[in-house]
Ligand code: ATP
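Let's start with one chain on its own, the form predicted on its own, as structure tokens.
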């Protein structure tokens, strides 16, 4: 990997010249630090935020700069943290005073005191995030690398600037960040730092669920989330977050019959899904699609290992998991539940003869999420038998073709009964009663079985037939 350390292009920009002049006018020292520098060197797509550490008041520098940047939004000040932010031309520029930090064992919120640039770099999580560029007149554009972070970038290594046990114990969120960065950047966590994560894993208890979930989301949106989840399991962090996934790990054998390791199968499904969908909540569904298998696992002499109703059990577990992790208990959760509940339906259809009736019922039940469901189920094909793999994918191709034909004919994705309850009541002169539901259900079943098309006329005739079967007679006004 060729590293880019010539900062002249960005330092010659309007923003950095205004910054240099403002820093000089205020007689402070300031430095660009952290992710912006790291990603510039790696030639990664630049993030939309720029962190500036100031030896002095970051708030004063932000106020002075805002006046000089045409079109800059008013300064946002966060007094609690002593930071300020300017939004300018799509960039969030954050200013913070250089600081020292000291921590109490029961909290990851530090006691902060003013410090030097060196103090500020010492407190950072990884050497690759300590890299800084000077904004000062005397050495404008100088590259400052006290912990050989450039070398770690070159070697794709994640290590802490100080003792990793201190770094991770002080702020255990850094352990999750290590795993997330390893996943995002395809970097290796240095051995001592990896050992320190395992050693300090119990410190996870002081991190808020919101911060944990934020890191999980960042892992899930990577091209290969299995890297991160494997590290979470290896270091012991996963049991503090998703013990339900840990319960899937391992293979049992009885009478020469074994089942697959559902933990690693799950990670493979998530990875399979990623090239075909960037929907975060569908990736959550892939992660949780087999979550009910640990509770439903049984061995029967006649059938071997079974996991009956694991989809139903898993869908109920989704609610408990979302609630524990303080994730949204809204339509996003309901979507994940629905995907987990239905995750085996298309597979069963693909394994058997693909009938129009089965596809109609699938489309009716899945509704507008049918494409997501099929995408999830295709990702669930992890067999290493080439012939089976090919056959399953060919069968899913048939399912997709059937879905298109059925949808063109019957329009079932957002099914509305062609005959309403009001029409039934008016025709038979009824008040609300159970017979109305029976008639509507009979019409729906007839459509799904392909006995009648999803059309008003055909449904109306079936309504009359079903009413006659129930002993109902048309109201005299309907005759």
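Numbering follows the first chain given and starts at 1. The structure displayed is predicted, hence computed values, not measured ones.
If you look for the form predicted in complex with the named molecule, you will not find it shown, but the lines that follow are about it.
Student: Since only the chain is shown here, I'm wondering whether residue 450 would be in contact with the named molecule in the predicted bound form (any heavy atom pair within 4.5 Å).
Tutor: Outside the cut-off, so no.
Student: With a cut-off of 4.5 Å between heavy atoms, is residue 440 one of the residues that contacts the named molecule in the predicted bound form?
Tutor: No, no contact at 4.5 Å.
Student: Would residue 435 sit within 4.5 Å of the named molecule in the predicted bound form, counting heavy atoms only?
Tutor: No.
Student: Using 4.5 Å between non-hydrogen atoms, is residue 266 touching the named molecule in the predicted bound form?
Tutor: No - in the predicted bound form, heavy atoms of residue 266 and the named molecule never come within 4.5 Å of each other.
Student: Report the stretch among 380-388, 280-288, 123-131, 340-348 that approaches the named molecule in the predicted bound form to within 4.5 Å, counting heavy atoms only.
Tutor: Every other range fails; the passing one is 123-131.
Student: Exactly one of 310, 174, 360, 159 has a non-hydrogen atom within 4.5 Å of the named molecule in the predicted bound form; which residue is it?
Tutor: Checking each option against the named molecule in the predicted bound form, the one that comes within 4.5 Å is 174.
Student: Which one of 444, 47, 63, 413 is close to the named molecule in the predicted bound form, taking close to mean a heavy atom within 4.5 Å?
Tutor: Contact residue from the list: 47.
Student: Can you confirm whether 34, 51 and 181, the three residues that make up this candidate site, all sit within 4.5 Å of the named molecule in the predicted bound form, judged by heavy atoms?
Tutor: Per the other structure, all of 34, 51 and 181 touch the named molecule.
Student: What residues, if any, in 209-232 have a non-hydrogen atom within 4.5 angstroms of the named molecule in the predicted bound form?
Tutor: Contacts from 209-232: just 218.
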